[in-house]
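Only one chain is included here, represented as structure tokens and corresponding to the form predicted alone.
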Amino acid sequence: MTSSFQAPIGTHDVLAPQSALWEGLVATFAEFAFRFGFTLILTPMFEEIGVFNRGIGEDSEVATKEMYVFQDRGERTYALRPEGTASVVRAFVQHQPTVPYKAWYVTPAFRYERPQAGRYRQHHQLGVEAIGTDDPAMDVEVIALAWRFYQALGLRRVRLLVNSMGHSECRGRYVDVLRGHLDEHRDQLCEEHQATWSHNPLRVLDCKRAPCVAVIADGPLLPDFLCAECSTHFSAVRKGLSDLGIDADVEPRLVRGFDYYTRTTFEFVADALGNAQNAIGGGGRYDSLTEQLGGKRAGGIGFGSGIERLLLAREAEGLTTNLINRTSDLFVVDTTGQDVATVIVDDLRRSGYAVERSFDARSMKSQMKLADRSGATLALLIGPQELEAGQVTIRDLRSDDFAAAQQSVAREDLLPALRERLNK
């Protein structure tokens, strides 16, 4: 019977074997985050709506059109997390950990938008945040972590785009000039920005629609308006990346989509995806966000990557193998009718082996099919004869030489025999 219930539009279920790809990707990121000195943070999936509105901007497209907002039974207004940074910064302000505070996360995020390849209403992000320092070396470290992570995933067709948005003063001068340029060409903008361009001109820079792209192409460039301090900071970031052998293309129109960004902004583009939705990660510096959320000023920088988009990029480059081994070592086949498998399986698992078994008193033939399908290296056969003799038969499931692939050992000699077989 077909179920009448399905996953909501814009969401998806991830089952094995695809889930093993997710597990490997997250495990790889966790290892890199550890190497770079980041610790795991877990924050609520929903926050008071002001946490997100103050950071990303109440009039932003995310806040006005995409955020899932609801009232609880106490008539408090909350929002499901649309991105990862604001919650981490809220937690920093609330708990005041030692700085620099370096945290990594993996989390679902929620955006009400038209579902498309690698972009869901509930998608999944992983990322890092480093809070409590203005040092451009931290910018380099965060970008390098992302770059090395992508390399570890096997991605080779990835480009890094960087820019600086300056601080409020030098960016303000640029916005004044940009506003004048947009005013002259407002009738040429896309329909949405014809109505909204004057309120926040920077959002037009982030628009991917052809009319806005054409207008912006002839407009002023933000780096030309940077003050000496912001220019020096940006130069230090670029030099640091160069010293690490990380190529970075300056994209003077890269501003990212949220209000909280200052100075360094960056984006990673996967050319293998070959379309407008080819960004696999990005982030930047947010030196005033802690103040916006009620704390003292503490410079910060971070990045986020969508897991779905990263897996699409790997697939586009022909990378479909898992990043960690998730096949069983052993499959126990029990035909004794006395369920001796339960004790044997537990002993083997406590000895460090990944072990599977069958249930429901299946036949030998059925159990051997399951054993082969499991991907296990060895099958351990316990039938009435083995039980009476106190033995276990070890069969190599991956060998075509039946005589060499099978041996019988005493129960007490099983672990030494397995260590020898599996080490080989």
Ligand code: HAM
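Residue numbers here begin at 1 and follow the sequence given. Computed from a predicted structure; not experimentally measured.
We do not show the form predicted in complex with the named molecule, though everything after this point is about it.
Which of these residues, 203, 238, 309, 81, gets a heavy atom within 4.5 Å of the named molecule in the predicted complex?
That would be 309.
Of the residues 167, 123, 193, 314, which one places a heavy atom within 4.5 Å of the named molecule in the predicted complex?
Looking at the other structure, the residue within range turns out to be 123.
Pick from 151-159, 71-79, 111-119, 327-335: which stretch has non-hydrogen atoms within 4.5 Å of the named molecule in the predicted complex?
Looking at the partner contacts, the answer comes out as 111-119.
Considering non-hydrogen atoms and a 4.5 Å limit, does the named molecule approach residue 303 in the predicted complex?
It does: once the named molecule is placed as it appears in the predicted complex, residue 303 has a heavy atom within 4.5 Å of it.
Please run the contact check for residue 282 against the named molecule in the predicted complex: heavy atoms, 4.5 angstroms, yes or no?
Yes - in the predicted complex, heavy atoms of residue 282 and the named molecule come within 4.5 Å of each other.
So in the predicted complex, does any heavy atom of residue 129 sit within 4.5 Å of the named molecule?
Yes, residue 129 sits close enough to the named molecule in the predicted complex that at least one of its heavy atoms falls within 4.5 Å.
In the predicted complex, is there a heavy atom of the named molecule that lies within 4.5 Å of any heavy atom of residue 225, even though the partner is absent here?
Heavy-atom contact with the named molecule at 4.5 Å: absent for residue 225.
Should the three residues 29, 43 and 104 be counted as contacting the named molecule in the predicted complex, with contact defined as a heavy atom within 4.5 Å for each?
Result no, not one residue of the spot touches the named molecule.
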